[in-house]
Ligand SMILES: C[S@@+](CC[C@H](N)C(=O)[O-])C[C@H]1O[C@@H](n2cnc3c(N)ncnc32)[C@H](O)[C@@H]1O
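As a starting point, one isolated chain is supplied in structure tokens, in the form predicted on its own.
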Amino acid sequence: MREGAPSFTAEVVCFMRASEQRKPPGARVLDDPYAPLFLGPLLGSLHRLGLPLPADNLFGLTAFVLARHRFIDDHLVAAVARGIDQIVLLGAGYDARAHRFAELLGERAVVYEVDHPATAKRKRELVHKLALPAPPRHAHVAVDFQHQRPDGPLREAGFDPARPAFFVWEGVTMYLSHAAVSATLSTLATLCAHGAELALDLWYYDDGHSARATLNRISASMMPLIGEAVTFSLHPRAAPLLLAEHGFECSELVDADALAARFFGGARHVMDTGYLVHAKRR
């Protein structure tokens, strides 16, 4: 991302979540009423006009973002029901889970939002300005994942490694180096108590010869134009191995076809190269 500037891709995925709000409540895959509030002038105008992003349906980006968010939501709600009361949003961006689930989280749970300082600053200012509901225990932690480990800042903010936690790592790994991804997983392993859970999305380079594979490569190659190049790729078959190296056992891995079937009844194309993982600390 550009030095000192909030993440533009964080705002883009917020725009994608906001687009679902134009549907009737019963028809939404994801209900995020706060998403439109985080949009800047350009994307805010596109949202109010009801315009999609260029070529979005071709690449299936919005469908993936919606399915990704809903998949993680479902696991988060289930974890809270099991008694996990430390929620850590790694690379939080404009994630509104602390506000959407404020009532569910209640007085006992604590939410730690970890993100790049520039994006975190803009979000805090908007949350304060809009007076959004939030759980009483809600901490913002500034970390640059490419250059910093999150364990020290999280401990300083009150995170208790002895208690199980639910970690969300959404929309971040593909913009990091392999070393940064491994370092973060290693750090999480030292922070996690037995039974802690991790939900994340991953991306892999499509080296096929089909027209869609070519389009997938083109879409990834365009990311440097907004200052956030896609740099980390991991094939789904390799994901459980990488997680196991850091003490996590993969409990669910869902690819694009499964996401399309689960959340859209197969009626929408979901980005082929993205997939989701839920894992538990051994």
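Residue positions are given as counts along the sequence shown, with the first one as 1. Predicted model, so just to flag it, every value in this text is computed and none were measured.
Although it is not shown, the form predicted in complex with the ligand is what the next lines describe.
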property	result
4.5 Å heavy atom contact, residue 119 and the ligand in the model of the complex	yes
The ligand contact in the model of the complex: residue 159, any heavy atom under 4.5 Å	no
Proximity of residue 170 to the ligand in the model of the complex, heavy atoms at 4.5 Å	yes
Touches the ligand in the model of the complex: residue 204 (any heavy atom, 4.5 Å)	no
Interface segment, criterion being heavy atoms within 4.5 Å of the ligand in the model of the complex, picked from 98-106, 151-159, 78-86, 136-144	136-144
Heavy atom within 4.5 Å of the ligand in the model of the complex - residue from 191, 132, 176, 110	176
Those residues of 10-24 which, in the model of the complex, come within 4.5 Å of the ligand by heavy atom	10, 13, 17
